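Here you get one chain, nothing else, as structure tokens; it is the form predicted on its own.
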């Protein structure tokens, strides 16, 4: 006998699928030509003080990284008004509207690079980290999801998100 599912159960199932898809999309397409190895930075008080590259980020390139379902894929978990035309916005992470007012560039750098060092218990993946993982496939060993410049570009774009 068919029983309709409760709306909350459906939402939880959809959320689980979105998380899985985001993780697979982010990790499955890494290649050695794009990813950095052995990033060196220090998170102090929830921030990475210095640029990862010494080169300013490009907001337009940051937008492209955030939209790219094989790189940042930010819309898989975050609602972003600037991307209202993109399908399948997630509701797991906080909305990113106003992120440029809520966090400093140094805080955004730490959040993107290694959010687990900033927010205990977060499920957001570390986009610029190579250690502390378990069961990593050989082809992904010592590789990051985003390059250092990608991180700086994303930060530059997030800084344009004002309240």
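A quick note: this is a predicted structure, and the numbers were derived from the prediction, not measured. Numbering follows the first chain given and starts at 1.
What follows is about the form predicted together with a small molecule, which we do not show.
The closest non-hydrogen atom of residue 103 lies within 4.5 Å of the small molecule in the predicted complex. For residue 119, a non-hydrogen atom is located within 4.5 Å of the small molecule in the predicted complex, even though that partner is not displayed. With a 4.5 Å cutoff on heavy atoms, residue 39 does not count as touching the small molecule in the predicted complex; it lies far away. Proximity of residue 108 to the small molecule in the predicted complex: non-hydrogen atoms within 4.5 Å are present. Note on the interface: of 53-61, 119-127, 39-47, 133-141, the segment with non-hydrogen atoms within 4.5 angstroms of the small molecule in the predicted complex is 119-127.
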